[in-house]
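Below you will find one chain, with nothing else, as structure tokens; this is the form predicted on its own, and questions on how it binds or moves follow later.
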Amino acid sequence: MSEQKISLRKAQTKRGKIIFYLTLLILSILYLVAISKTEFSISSSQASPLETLRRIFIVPITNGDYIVQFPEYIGYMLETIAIAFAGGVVATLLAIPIAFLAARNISKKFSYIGKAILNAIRAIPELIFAIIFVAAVGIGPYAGVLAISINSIGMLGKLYAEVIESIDLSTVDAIRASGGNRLQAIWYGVLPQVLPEFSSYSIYRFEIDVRASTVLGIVGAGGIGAPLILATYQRNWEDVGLILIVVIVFVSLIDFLSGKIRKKLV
């Protein structure tokens, strides 16, 4: 019996090696074909890379004519943060019921409905949502809030559902056994276990939404993205540098503060 197990294990190991080497061979062939069929060309530029970098990162903080423009771009960045915050709050509230619907241990056989909704939302980038809402409600921050909120529901709902599926159901069963209804079991048995992680994920998603909101301005959804893309198109590298410096400072500050808050929550 033991000899049969050893021989079976050797056969499986050999088969696994064969599959690994075949996969490696196929990937290598595909890589070589892609390299051979792709045309690589570099367009020359009159400005040197070092000169461009100097205009982006040195001139904006040494030239007084550009330093005085910082308050204007800080205002755009605050609008971007406001869009991310408002969208995140809406997404957090709407993702919770969908997450309960998607959790297998709560919705049982109906969980596939919630998972299908979350998968459909996550399949569409927030930029596409922004284009749709700009066409629907017009140019401005409102379209950005709608795009951020809908897109964030997909990721937050998935994370929330995984948290719900990992909880200890003994408390829920005890509440139901003592005469509590389903709503009471969720309110007193599930929510106290999941709210700290829900809060942590919401704050982490806010960090991502701030970065996403920066891009949404490109299509007219408000925030700092519009002046950034305009300055890039015009090759106005000093303004590009001003905007990038503002974005880097604010994103770094938000990452630092949110990290401190998440450590205290979980």
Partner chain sequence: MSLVYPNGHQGLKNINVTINDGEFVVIVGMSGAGKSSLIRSINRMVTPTDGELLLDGENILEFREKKLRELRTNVGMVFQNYNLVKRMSVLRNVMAGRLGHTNTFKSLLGLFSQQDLQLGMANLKRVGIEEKAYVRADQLSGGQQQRVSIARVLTQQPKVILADEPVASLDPPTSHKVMKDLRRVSKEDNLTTIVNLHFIDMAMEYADRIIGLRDGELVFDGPISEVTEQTFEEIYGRPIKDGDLLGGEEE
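Residue numbers count along the first chain shown, from 1. Note that the coordinates shown come from a computational prediction; the quantities given were computed from them, not determined experimentally.
Another form, the form predicted in complex with the partner chain, is not on view; read the next lines as being about it.
- Only one of 138, 125, 192, 71 comes within 4.5 Å of the partner chain in the predicted complex through a heavy atom, and that residue is 192.
- Not one of 238, 245 and 248 places a heavy atom within 4.5 Å of the partner chain in the predicted complex.
- Residue 93 falls outside the set of residues with a heavy atom inside 4.5 Å of the partner chain in the predicted complex.
- Residue 105 falls outside the set of residues with a heavy atom inside 4.5 Å of the partner chain in the predicted complex.
- None of the heavy atoms of residue 110 is located within 4.5 Å of the partner chain in the predicted complex.
- Interface residue remark: residue 116 is not counted as part of the site for the partner chain in the predicted complex, having no heavy atom within 4.5 Å.
- Of the candidate stretches 93-101, 181-189, 150-158, 128-136, only 181-189 has residues whose heavy atoms lie within 4.5 Å of the partner chain in the predicted complex.
- Within 4.5 angstroms of the partner chain in the predicted complex, the stretch 161-175 places a non-hydrogen atom from each of 168, 170, 171, 173, 174, 175, taken in sequence order.
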